[in-house]
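First comes one chain, alone, set out as structure tokens in the form predicted on its own.
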């Protein structure tokens, strides 16, 4: 975990740190309560302890690695943990770790409704947000002040605006894919104002002319790990011009922010305006429309589906993604991983062959 950074945040600002499992959670609440969010995406690589064996081998590596990491003391720099209801496996981890060994500090859950916006779902998420706000306020030792939550909402929407600007202007951004994704993912642990400053610096590098000359591809998946997949893609002569990673582009909120009223109600409203995501059981047709629109806007020549092994929410959508793009005669490459440290030589060859195919398609077009 980011131990040195967490220690500095505690000593310099008196902030508590909360480890957060993927994916969707009300980060604005944490910021308003002066709580540092440090996201726990595994971590990647082999499990950091024997406790991964306490869950079935067909559970995804993010959950298995997180349990091993927490039980081995890897997340001890954090003062608590938050488990969003992303999937059955993470919901199960919310019980396995605190109740059956692996985590002894405060543990919180955020249950978000599955499906589209409807009166019962809106009532449910509003109640969940108020309940979590009360629990986190007690954890932080301070009350939730409406003006601080409004400030946090504005701060995070500004971060989203800049992230969208960088992703949408990818072709004009003089950075490699690994450089861009390292920057965007620093928001998973940096205090938001620090991340905002980094994003502004990167935004200033956006030019008027194309800075990328490779084959443009769109990528959809759960999390861009290992980063060597993107390095291999760049080495093969391609770059990511359209991003739908759940950890990156899919979390960028593009809806306009309200300006008055109850900030918790606004936070609840924003929840239902987010991009379609398989982990929130979004309407599949809506998600496919979102993906085809992203594909058309980005100018991509092909689609890479990068799925995490045993990730049921993402796996459910793959057949429909294949059919949709096949009907448009768009080449699709599906690759599967397990948070391994590096991609295999076989996958490097598949990426090279896919990029070569897209290059031939472009020349023939």
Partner chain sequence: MITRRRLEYELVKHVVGPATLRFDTLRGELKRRKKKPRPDSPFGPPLEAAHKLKELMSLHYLAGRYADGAVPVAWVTSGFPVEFLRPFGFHAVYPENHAALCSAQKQVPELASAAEAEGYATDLCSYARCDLGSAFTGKTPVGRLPKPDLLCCCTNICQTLLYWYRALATHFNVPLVLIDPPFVYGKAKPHHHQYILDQMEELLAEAARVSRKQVSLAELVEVMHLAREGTALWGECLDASRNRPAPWTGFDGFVHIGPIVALRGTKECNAYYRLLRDELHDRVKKGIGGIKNERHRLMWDNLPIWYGLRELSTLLAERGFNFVCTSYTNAWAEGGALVDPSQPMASMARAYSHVLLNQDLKNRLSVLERLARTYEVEGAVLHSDRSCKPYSVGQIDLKDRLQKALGIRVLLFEADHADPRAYAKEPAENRLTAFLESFA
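Note that this is a predicted model, so its numbers are computed, not measured. Numbering follows the first chain given and starts at 1.
Quick note: we don't show the form predicted in complex with its partner chain, though the next part is all about it.
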Heavy atom of residue 109 within 4.5 Å of its partner chain in the predicted complex: yes
Contact flag, residue 330 vs its partner chain in the predicted complex, heavy atom cut 4.5 Å: no
4.5 Å heavy atom contact, residue 261 and its partner chain in the predicted complex: no
Contact of residue 197 with its partner chain in the predicted complex (heavy atom, 4.5 Å): no
Proximity to its partner chain in the predicted complex, single hit among 171, 278, 275, 234 (heavy atom within 4.5 Å): 278
Answer option from 37, 68, 300, 59, heavy atom within 4.5 Å of its partner chain in the predicted complex: 59
Within 4.5 Å of its partner chain in the predicted complex, all of 100, 124 and 313 (non-hydrogen atom): yes
Per-stretch contact check against its partner chain in the predicted complex, the hit in 85-93, 175-183, 160-168, 243-251 (non-hydrogen atom, 4.5 angstroms): 85-93
Heavy atom contacts to its partner chain in the predicted complex at 4.5 Å, residues of 115-131 in sequence order: 115, 118, 119, 120, 121, 123, 124, 127, 128, 131
